[in-house]
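In structure tokens, one chain follows: the form predicted alone.
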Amino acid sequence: MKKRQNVTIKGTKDGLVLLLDDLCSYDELKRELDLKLSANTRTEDERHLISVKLEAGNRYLTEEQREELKELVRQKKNLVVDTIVSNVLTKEEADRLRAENEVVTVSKIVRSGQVLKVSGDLLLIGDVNPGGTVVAGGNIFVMGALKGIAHAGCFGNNQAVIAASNMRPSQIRIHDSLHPAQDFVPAEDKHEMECAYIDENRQIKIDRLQALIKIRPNLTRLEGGH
């Protein structure tokens, strides 16, 4: 009977992918990984680093185990771990992902000196007064006047958008892009919602809300994927 392989090595244009069996013991996995890497390590040019991706399947790896595997790979001269992928999420990771995808609805006026911050999308039913600040990991929708500061995509989401019934901000940020007040021309005579987003030139652009249908077609998230 053929012995089950605990480690399978695949070469790609980007480096090596190591498929790690998720049924064997961790110690067995480490032993086989050490043996196979020792047999397959290239020694002809140690100056050229080879990127390694570890795929752990349904195995949960602690931080200590991740560091052990990284160190084991690093010992093979010209190999370096780029990423470790596991299908298993910790409770903390699951809670963070849930929070980042949650829409938080708040009914209030954000006054001068106040900061309202959420991990996911923010739906504010009320105004953001001058000196007030709203911050979100996702999108920001203000059903009122936005006259203060709004920062969407604060955790690195450059696809986030900001929309307001009355768009007159003192400052807008999306991820690390800035649209200061002096660059914004308020439309006093307009009565339609406007939105802000990062365009293909990595500049924040202000447009009619209807533009989001084409610019961010994946913005709508309905139950069941419909």
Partner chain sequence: MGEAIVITSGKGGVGKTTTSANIGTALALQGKKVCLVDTDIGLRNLDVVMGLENRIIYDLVDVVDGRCKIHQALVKDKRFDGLLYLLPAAQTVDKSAVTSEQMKKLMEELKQDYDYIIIDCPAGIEQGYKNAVAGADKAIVVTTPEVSAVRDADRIIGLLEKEKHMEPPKLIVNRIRNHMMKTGDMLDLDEITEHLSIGLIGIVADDDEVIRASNHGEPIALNPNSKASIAYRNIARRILGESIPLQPLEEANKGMFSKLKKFFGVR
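Model, not experiment: these values are computed from the prediction. Positions refer to the first chain, counted from 1.
The same protein has a further form, the form predicted in complex with the partner chain, not shown here; the description that follows concerns it.
- Of the candidate stretches 110 to 118, 68 to 76, 94 to 102, 152 to 160, only 110 to 118 has residues with heavy atoms within 4.5 Å of the partner chain in the predicted bound form.
- Asn129 belongs to the set of residues with a heavy atom inside 4.5 Å of the partner chain in the predicted bound form.
- Within 4.5 angstroms of the partner chain in the predicted bound form, the stretch 147 to 162 places a non-hydrogen atom from Lys147 alone.
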